[in-house]
Ligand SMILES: Cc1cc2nc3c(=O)[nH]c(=O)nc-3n(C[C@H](O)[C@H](O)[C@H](O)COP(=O)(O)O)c2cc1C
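Presented as structure tokens, the chain that follows is alone, the form predicted on its own.
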Amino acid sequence: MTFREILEFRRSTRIYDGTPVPNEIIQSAVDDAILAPNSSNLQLWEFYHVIDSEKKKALIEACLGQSAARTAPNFMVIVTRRDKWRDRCKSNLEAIKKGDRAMSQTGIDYYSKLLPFIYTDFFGIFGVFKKILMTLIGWKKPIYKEVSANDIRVTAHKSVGLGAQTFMLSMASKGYDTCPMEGFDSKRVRKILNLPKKAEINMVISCGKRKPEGIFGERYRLPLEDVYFEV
């Protein structure tokens, strides 16, 4: 399929026909997803392919029993791991020092000094201080101001969301359907996956093959002139 055909094919599927997705298809789609752009290349994501039958039952319940979950043969839970920023900084630094990435001393300083300054926080207190500091500096010159704990959380979820979209488009390119679900009990999903408290559920995605009635109506989008502006 062309890229446009992949986009047209991908629809949020609410009812599946029960056909399971082969593991190699899921793994290949995740392999595509990790190529998605993400903030500072920290890759603060984890992909959980839920295959255990008991966990799947619990996940359906945690997803409020909606049909997109109840009829799905496969599940992918995409998790935001903002708490792993130190490990990811270290990995990037090691890649730079090994020569795997063509970056200057500026890149080394970025991962060893700037990002630790942005991501380090103590119960939100340091984040408030950084926010005030950046605001004061910003009165005189342009500067990055999204440095509070909540700002960093939003940044992480935006990046992980790009990975989720790439995963769904990859699944579509292979002829499989998905449905991104935001209607779920995040605390229960985290417990099902045995995740630490600092891990956050970005999205639960059901996967499979659609039934014709699993697509609820024609796709509706606002016209281009309502959302596209030249300035």
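Heads up: residue numbers just count along the shown sequence, starting at 1. Everything quoted here is computed from the prediction, not taken from an experiment.
A second form of this protein, the form predicted together with the named molecule, is not displayed here; the remarks below concern that form.
Three-residue candidate spot S12, G183 and R221; every residue lies within 4.5 angstroms of the named molecule in the predicted complex by at least one non-hydrogen atom. With the named molecule omitted here, the record of contacts in the predicted complex names 175-183 of 175-183, 43-51, 193-201, 27-35, defined by a heavy atom within 4.5 Å.
For the chain shown alone, Q66 is a contact residue for the named molecule in the predicted complex, at least one non-hydrogen atom being within 4.5 angstroms.
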